[in-house]
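Quick setup: one chain, the form predicted on its own, written in structure tokens, and binding and motion questions come after.
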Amino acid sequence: MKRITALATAVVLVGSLAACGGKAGTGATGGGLPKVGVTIYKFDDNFMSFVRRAIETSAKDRAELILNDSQNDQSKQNEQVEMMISKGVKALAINLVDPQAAPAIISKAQAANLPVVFFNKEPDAAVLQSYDKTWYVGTASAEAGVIQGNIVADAWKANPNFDRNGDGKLQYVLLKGEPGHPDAEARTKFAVDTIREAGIDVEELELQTGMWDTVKGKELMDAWIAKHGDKIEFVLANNDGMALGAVQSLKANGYFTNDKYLPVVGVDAIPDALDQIKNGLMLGTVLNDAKNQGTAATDLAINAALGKDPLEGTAWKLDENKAVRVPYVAITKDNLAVAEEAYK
């Protein structure tokens, strides 16, 4: 709990400091607001919808946004970047469809002498270093896995009844995000490693990709319940979208009534997941701070559009990889208010 409190304090402090930072002001185009081009890999992603809202809120009266839904299509995103450059944007803020496409985006931006702020999907460090006007806003991917693993380990030790078959081993299924996505790979590895490091024997019953999607999460959980039934003792999901799908499946299969319970843990702490935790249908999640990620990406992009140091007037800091890292926080029913505050 000390670790959770410390991380929660860090998030509140960062958010408070950022709110105190000076606004970027005007300039760039004839004394008007700077024009910033933004792409989101897909608007209907649960988590990214909140990042988008934070960007729009943060940019109000500070920048003119050209906002694009890339619809999970990298070729479409490439075309959108070209379109925004042709419309005279002074900076780009890009949530990549495919992190491997970052060099192509940088090439287009560099040819136009435009700064680029990537956010949420992280390019390789070498790619960020290849252009002096490129930065990243996101998280330390492994941290979410570690925190999720600690939530699971603490709950397992505190609730002996979670070990349904009494064999002392945690049998789990895991809903993985997009294969190759840095967050999906890190969350998967470090969650399971952390549970093991807590001295708990584990057995993986299933691990498949749900592509961050609620419907796919439900479909996979339906299939796993049909195959394994009560052998499943824990559900881990790389994001809350898939966790919510798992909860839908479990409810349809008679769980959460008559003391029939299966713990589900996600990542993101989106409002729908917080409601499920409050109602006892999810055990916990990990706050992936959409508000501060969107705000930081906007702050850097606006400063860069105005020809300023990207951190000027903000509380953000860059690490050795030219990245702003927004911390994760463990969320359970005991500290729901921390996550609720992040979505105000």
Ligand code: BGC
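These figures come from a predicted structure and were not determined experimentally. Start at 1 with the first residue shown and count on from there.
As for the form predicted together with the ligand, it is not shown, yet the points below apply to it.
Shown without its partner, this chain lists Lys121, Lys90, Lys176, Lys218 as candidates; in the model of the complex, only Lys121 has a non-hydrogen atom within 4.5 angstroms of the ligand. Asp45 is the sole member of Glu312, Asp45, Glu64, Asp69 with a non-hydrogen atom lying within 4.5 angstroms of the ligand in the model of the complex. From the list 151 to 159, 178 to 186, 108 to 116, 72 to 80, the contact stretch for the ligand in the model of the complex under a 4.5 Å heavy atom rule is 178 to 186. In the model of the complex, the ligand sits within 4.5 Å of a heavy atom of Asn288.
In the model of the complex, Tyr41 approaches the ligand with a heavy atom inside 4.5 Å.
Contact annotation for 207 to 229: a single residue, Trp212, has a non-hydrogen atom within 4.5 angstroms of the ligand in the model of the complex.
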